[in-house]
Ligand code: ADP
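Taking the form predicted on its own, here's one chain by itself in structure tokens.
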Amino acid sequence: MGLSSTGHSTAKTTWIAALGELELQVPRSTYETWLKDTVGLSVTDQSMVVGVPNAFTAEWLEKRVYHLVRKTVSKIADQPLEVKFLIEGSSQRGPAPNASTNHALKTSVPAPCIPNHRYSFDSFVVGPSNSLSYTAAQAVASSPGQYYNPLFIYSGVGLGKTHLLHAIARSCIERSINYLYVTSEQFTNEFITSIRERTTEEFRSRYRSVDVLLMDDIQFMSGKEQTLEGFFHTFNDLHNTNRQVVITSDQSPNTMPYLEDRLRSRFTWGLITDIQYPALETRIAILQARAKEMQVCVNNEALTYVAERVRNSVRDLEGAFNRLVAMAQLTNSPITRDLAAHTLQHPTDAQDYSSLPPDKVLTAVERVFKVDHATLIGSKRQKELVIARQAAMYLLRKCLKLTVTQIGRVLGGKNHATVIYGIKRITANLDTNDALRAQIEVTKEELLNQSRQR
């Protein structure tokens, strides 16, 4: 792209494109709280100045996401750029002497979590590796605050911690129990926002008025002393009034070096359980349950093959099975061991497609989704055409790692907001739309074959 102008319009356009990229790379709560209300002020060949509403935001962006922002801006500009955060109305970078004159960010309070429809106690496959955690979660759901308070569940990624939290949340909804499910990052962002906007009383009321608090991935509070202090007082208030706290983490509280002794000791007041990697028999049972849920007929040898090949996590196991089902549906083949061996031999998500030009992606999408090129890059809004166009956006991003601006150009000049929306729509629907998932997988398989031939 090359930047030589210092004009505001160039800076504004560049930063809008960068925000489009960042929105896809950071959690929604982070984007809404810290990035959404920023603006590009000026840009030169060496640096870009980004306007922020207040000193608190400038400091947070500097400490937490500076390297990601600089990398993204440099990619958009096609040249290395430093990034400076400037409080609008100020001539200094970083914290200002008097932050009271700055614009205030809108309070970011996420909507109540609606539990994933797939995550219930009935759909949780119980085995020796997770039976204690499952039983304890059920007890907590049936009698909050009475048995294990707090309940602390830890395990590696993708083994079922979040599944159990959502199952407890579903039980709370069914029994009209006031609950709050929150990730540690959401808690942190809300806590910081409450300090910045002087709404700490509202924050305390939100968290201390619930009957059940479900805190996911507390390990991400590492190093955030003020946030841990805030959680400590929240925990005490809830526990002292016999209200339930359930916490998950990727490690035991005894191995968290950043955790204060007073908080670690409180976690031991209840029950600490861990979830281990599932044994082969449990992995096969998980696949059988998934096949029943998806209403597909699967050869037992195929299930065993998948279970033997994928051992890391339940998430990876289900992902491999989804890919197998998608391939069977698009090729109109039975799900056999041979098909499983062929599909899992080249997992498409792990391949490098970077050598392919964008037009190859469009051609593959046109073939699989049965649309012509002019229609794909055009503006017609029929549902089938929109899905094909959004699939192309998703694949250009997922496989070729193009920026949202580049994707927009490839697809006939679509704006960055349209591209971001399209990618998000496909990503959100992949878990629930079997037909769409199958089309995406077959398109990726075709691209993979082309990549091998180059």
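Start at 1 and count along the sequence shown; that's the residue number. Just so we're clear, the structure is a prediction, and the values are computed from it rather than from any experiment.
Just so it is clear, the following notes concern the form predicted in complex with adenosine-5'-diphosphate (ADP), a form of the same protein that is not shown.
The partner is absent here, but in the model of the complex a heavy atom of 125, alone among 271, 125, 298, 330, sits within 4.5 Å of adenosine-5'-diphosphate (ADP). In summary, among the residues 118, 373, 84, 342, the only one with a non-hydrogen atom within 4.5 Å of adenosine-5'-diphosphate (ADP) in the model of the complex is 118. adenosine-5'-diphosphate (ADP) is not drawn, but in the model of the complex it has a heavy atom within 4.5 Å of residue 318. Interface membership of residue 145, defined by any non-hydrogen atom within 4.5 Å of adenosine-5'-diphosphate (ADP) in the model of the complex, is ruled out.
Interface membership of residue 76, defined by any non-hydrogen atom within 4.5 Å of adenosine-5'-diphosphate (ADP) in the model of the complex, is ruled out. Using a 4.5 Å cutoff between non-hydrogen atoms, residue 150 does not count as a contact of adenosine-5'-diphosphate (ADP) in the model of the complex. The stretch from 377-385, 233-241, 201-209, 162-170 that comes within 4.5 Å of adenosine-5'-diphosphate (ADP) in the model of the complex, counting heavy atoms only, is 162-170.
Distance between the C-alpha atoms of residue 183 and residue 36: shorter in the model of the complex than here (change of 3 Å or more). Compared with the form shown here, the Cα atoms of residue 205 and residue 36 sit 3 Å or more farther apart in the model of the complex.
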